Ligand code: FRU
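The form predicted alone is given below as one chain in structure tokens.
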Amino acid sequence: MREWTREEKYRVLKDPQELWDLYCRTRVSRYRQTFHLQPVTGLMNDPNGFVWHDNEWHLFYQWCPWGAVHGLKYWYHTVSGDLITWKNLGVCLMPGDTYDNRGAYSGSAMPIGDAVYLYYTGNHRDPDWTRHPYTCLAKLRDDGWTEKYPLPLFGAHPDYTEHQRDPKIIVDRKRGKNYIILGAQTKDGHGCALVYGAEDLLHGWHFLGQLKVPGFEDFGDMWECPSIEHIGGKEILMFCPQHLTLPGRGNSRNHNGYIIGTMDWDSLIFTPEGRFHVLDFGFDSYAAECANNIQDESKAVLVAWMGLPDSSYPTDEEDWQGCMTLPRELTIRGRRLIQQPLPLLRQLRQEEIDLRGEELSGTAPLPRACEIELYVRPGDADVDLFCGRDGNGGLTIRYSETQKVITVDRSGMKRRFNTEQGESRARPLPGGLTHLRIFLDHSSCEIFVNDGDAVFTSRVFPEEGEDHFSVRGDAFVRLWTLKPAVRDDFVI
């Protein structure tokens, strides 16, 4: 594993041609995706500024251009008309000399008038490397560049540690109020969220207080990427609690999840109606962000970073890392959030592979980019992905009818990574297993269970010979190859 110096990690990009050689090496990797957003070079992490504006979806992300390292962060800009096919527009928000001299960190966006405004964390460090976070504002211009406001909206609150970041802008049109919710850490080391308010989205922001969530006063030591979403008449607090373990999550210490409840903005109390649920039961999903300005409270659209903090991946040795999940439609079913693939994804279907009958016996070749759909009848069911021709190895999906549990295990892959976090994840299915919809790209696997009742998202890095799959159990199986939806153009 390469050791990066501080100077290397925080080097300022001055000319796109500095990245040309790295780009040429990166684009020929066998693990480059075909229908998932990924960095043109270097590292991608949190999605930022996800918003609908002027008949386009805008999605930005955290980008460090030099390699698979969390160093100086930029906002990289992509757009889509349908959330399926994406176009790279390049860097739009760069670190400056003052309030964001060591990185333009995560945040959100909101259209105001005919322009999009970006709310982000300015990561400022003194010469002695002391951090001072600021909540900053920038206007996205028509030419794709940003015009930063000369002063931040506000700085760090002195009653909390330096860990204050990830502003989510919330416009409550019914109340005529505007809020920013910010991830933070108390002085005694507990995760929390802070709330700011303003009458004007561009000026006059002031501290309202700490969000109170009864029963969650000691739940991780930092809450990243907090948000409150309105979906199907319910209010959902989404956030990423850090540095705690959860049942069924192995030794993983960074999570992404939600609580359904009721928000009282006057008292700043979010009253839970139940427990904390993880958004994704797989291995690699974090920093989920719902799009602003879709103006349909019956649903939300979510995208997440297909990765985790404090984790390494096989492409690190190739000097690049990260991709985004497929965008997903969120709705409420009972007391849980349901995540479903977007209907337009069917447009990527290219060729249906003839599997010769309703049951798959033995193994079949597995395309590098494909969709598999299974209709499962009562009984045990097993699916082996990326196995050898003999059926051994790979990523396994096991469903036990007796236990009513589905388990995903990637310990059979040749390229194993982050094993200390655990290699198996499970989800109870009280109603049994009826349906699986699986999206495979060159280095990812997204499994949607029972029409979105559960999702398992994982990075996978198959090697030569890991190119077959098999199904055991009473299931009807269909498979399609998928067309590319992203391009690897050199756009900086």
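Just so we're clear, the structure is a prediction, and the values are computed from it rather than from any experiment. All residue numbers are counted from 1 along the displayed sequence.
Just so it is clear, the following notes concern the form predicted together with ligand FRU, a form of the same protein that is not shown.
Taking the partner from the other structure, ligand FRU in the predicted bound form has no heavy atom within 4.5 Å of any heavy atom of residue 289. Ligand FRU is not drawn, but in the predicted bound form it has a heavy atom within 4.5 Å of residue 165. Within 4.5 Å of any heavy atom of ligand FRU in the predicted bound form lies no heavy atom of residue 258. Among heavy atoms of residue 446, none comes within 4.5 Å of ligand FRU in the predicted bound form. Scanning 33, 26, 45, 457 against ligand FRU in the predicted bound form with a 4.5 Å heavy atom cut-off leaves one residue, 45.
Proximity to ligand FRU in the predicted bound form, defined as a heavy atom within 4.5 Å, holds among 105, 216, 179, 386 only for 105. Here the chain stands alone, but in the predicted bound form its contact with ligand FRU, taken as any heavy atom within 4.5 Å, falls in 105-113 among 408-416, 105-113, 365-373, 191-199.
Applying a 4.5 Å heavy atom cutoff to ligand FRU in the predicted bound form picks out 62 as the lone residue from 48-62.
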